[in-house]
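The form predicted on its own is given below as one chain in structure tokens.
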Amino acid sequence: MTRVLYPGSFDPMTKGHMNIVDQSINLFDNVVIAVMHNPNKRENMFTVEERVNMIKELYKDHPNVEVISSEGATVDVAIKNNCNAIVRGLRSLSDYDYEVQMNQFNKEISNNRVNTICLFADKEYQFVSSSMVKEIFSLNKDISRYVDSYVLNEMNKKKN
């Protein structure tokens, strides 16, 4: 059984993230979405718990998707959750450079037990990031092309 970890802060989960999850669902037996606590990110729209609950709602009809929260080294989270690999989404060349470096570190840290699999976001999502979505949203612009209607509703609740 192929079990993979898809880590991220997902604040909020965008259609770009969902595109990578959907690709993963079609490729692997189980997908563990790990909402990671990132102490370097100070400005969060949603708490980790709120993000976990939203993603669980988005994937409630997918029994092969599990949603967890975690902190620390992603490779440790993968090992702890019996994941064979870490899935990462690529949007640009800068993403690629970063992921190549992280892959090498993760392989060394895990003694080659965990590999990284990179999936390309579909073209309509290659520029979508959570930070950009939040910025556009703060300017009262329409973000419905970038987030699921459920996520947009939750963002509007937060705003009000």
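One-based numbering along the sequence shown. Please read all numbers here as calculations on a predicted model, not as lab measurements.
Here the subject shifts to the form predicted in complex with adenosine-5'-diphosphate (ADP), a form of this protein not shown in this document.
- Stretch 91 to 99 is the contacting one of 105 to 113, 64 to 72, 25 to 33, 91 to 99, since its residues have non-hydrogen atoms within 4.5 Å of adenosine-5'-diphosphate (ADP) in the model of the complex.
- In the model of the complex, none of the heavy atoms of residue 48 sits within 4.5 Å of a heavy atom of adenosine-5'-diphosphate (ADP).
- For residue 151, no non-hydrogen atom is located within 4.5 Å of adenosine-5'-diphosphate (ADP) in the model of the complex, even though that partner is not displayed.
- At the 4.5 Å threshold, heavy atoms of residue 54 stay clear of adenosine-5'-diphosphate (ADP) in the model of the complex, well away from it.
- Looking at residue 59, you'd find every heavy atom of it more than 4.5 angstroms from adenosine-5'-diphosphate (ADP) in the model of the complex.
- Residues of 114 to 135 that come within 4.5 Å of adenosine-5'-diphosphate (ADP) in the model of the complex, judged by any heavy atom, are 121, 125, 128 in sequence order.
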